[in-house]
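Take a look at this single chain, the form predicted alone, given in structure tokens.
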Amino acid sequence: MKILLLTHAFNSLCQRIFVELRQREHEVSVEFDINDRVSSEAVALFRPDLIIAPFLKRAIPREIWEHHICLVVHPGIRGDRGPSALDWAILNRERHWGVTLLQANAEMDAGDIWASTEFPLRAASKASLYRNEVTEAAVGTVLAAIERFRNGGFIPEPLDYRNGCVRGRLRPPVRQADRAIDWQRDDSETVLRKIRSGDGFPGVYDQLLGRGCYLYDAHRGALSNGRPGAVIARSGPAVCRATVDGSVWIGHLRDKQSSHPFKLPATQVLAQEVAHLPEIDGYPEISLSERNGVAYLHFSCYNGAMSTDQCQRLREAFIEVRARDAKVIVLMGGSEFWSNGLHLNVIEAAASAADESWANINAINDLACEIITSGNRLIVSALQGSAGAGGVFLARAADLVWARSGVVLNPHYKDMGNLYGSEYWTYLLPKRVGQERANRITQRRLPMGCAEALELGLVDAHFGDSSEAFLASLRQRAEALAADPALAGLLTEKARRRAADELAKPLAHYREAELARMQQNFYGFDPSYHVARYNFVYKVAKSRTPITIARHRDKRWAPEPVRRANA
């Protein structure tokens, strides 16, 4: 079936649906909904059987929905309407929420219902819920609706507020006043809920040490010794604020009035103001747990971005873990992302973006080198969240890569201004998958699901439809490895292979060659990387859909000729 994804951007949900549909051998093309003319042109070029809108910020043009079935993914329960569905669900402490697939008509979010799924609402940020429960539910509803469409005869359910099963209602956009924090009255749970309702976008506006900032990335703190609202400590990228009943950590801020008006680590935004505060362990970024002979190293980097400082601290933590008795080390990443490589926002804010890019890639390489050369330990990368760019190849530095089945990988750098990439990928990929597959992985510029990644050798196994199922199976597999008498032989063979590889071509030579290319990206005459990074950080809207996903705009692709009725 020919399916057009009409979307505001190629976000995580759109990528997951793209992967799932292609995996089922549908012919899929994507168009960014830039304006009516562009969207209508895409429909005329592709002539889809069905249009799916995973992520829109405006209504589908009448000239499209009047002539084509258009199914809109809405992150809300039946009857919920408006642009702030998840925001209100979090603020109102809903216990269950859902996703509804609606047929587009003249009224936003009021079309006939093709499918709907509900789920328990976790105490989590809007971004986390969107990437996990909402995405899984959306994939299920889309696949169910496609089957109904393909089989024919299905009559979608009109939205009827007289139906007792319809719990949702039309809600206005959430305003900053709706999530404003009263530090003299709000307890920690209320503060967390308000910040989580705006995490991702737009954040919660607040006054912090005399500066107007948007707050993101909030976690419960353990301190309880400050005046409500006061900043009382720092930890890694985060600052700790006292509440009426304890404290919360705030990891990231956005100061629209500063020279860098985008999200940055809180301690970077407030560098001078918090320099005198005590630094303690508290913000949940890097942590270790051990169980039955396995060491689990957790590193939860906000949005998967890993700055120079984070890479250096993670390398130190890895070396510390490697010195322990555990023969199996599992690199857990975070629940949202494993890693997305370079921290582009921190780079953009640096005095020299080129110098910070250079420092950042070398810090990631230092970490990758420690992983690759851990001859007396078996290293497993456990991807419970998605990974992109250098993060994918950092994961591949381990002996084994296990991923949750719903994870999406973006194993390429080229969309960031034709970056060449490093993390020893020129050593790791051909060695694991062969040169032909290495070229396919790095050159296609397309998101990849776990089934394709397994087929290509980029991952060694994928399992678990949910995070809970993945983690349970992960522990069983890792602990079975640690208890296996054959482990000693595996480690001996690993050390032998690494020594042979080093003799054939030293690891340092791969790094030198990769960095020579990266140096041109950072310091050369072609500004493509710096332009692409700027556009990414400042969220400059795309003026067109990349040809890699807009198949209908690729001149190498031609639709079948239209058959006349009397032919």
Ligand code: COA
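All figures in this text were calculated on a predicted structure; none of them were measured in a lab. Residue positions are given as counts along the sequence shown, with the first one as 1.
The protein also exists as the form predicted together with the ligand; that form is not presented, and the subsequent description refers to it.
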Verify the contact flag for Gly388: yes if a non-hydrogen atom of it lies within 4.5 Å of a non-hydrogen atom of the ligand in the predicted complex, no if not. yes
Answer yes if any heavy atom of Ala305 is within 4.5 Å of a heavy atom of the ligand in the predicted complex; otherwise answer no. yes
In the predicted complex, Met416 touching the ligand (heavy atom, 4.5 Å): yes
Since only the chain is shown here, I'm wondering whether Ser12 would be in contact with the ligand in the predicted complex (any heavy atom pair within 4.5 Å). yes
Of Leu344, Val407, Leu101, Val330, the one that lies within 4.5 Å of the ligand in the predicted complex (heavy atoms): Leu344
His74, Lys263, Arg396, Arg241 - the one with a heavy atom within 4.5 Å of the ligand in the predicted complex: Lys263
Choose one stretch from 289-297, 271-279, 135-143, 336-344: the one whose residues place a heavy atom within 4.5 angstroms of the ligand in the predicted complex. 336-344
At a 4.5 angstroms cut-off on non-hydrogen atoms, which residues of 529-548 are near the ligand in the predicted complex? List them in order. Phe536, Lys539
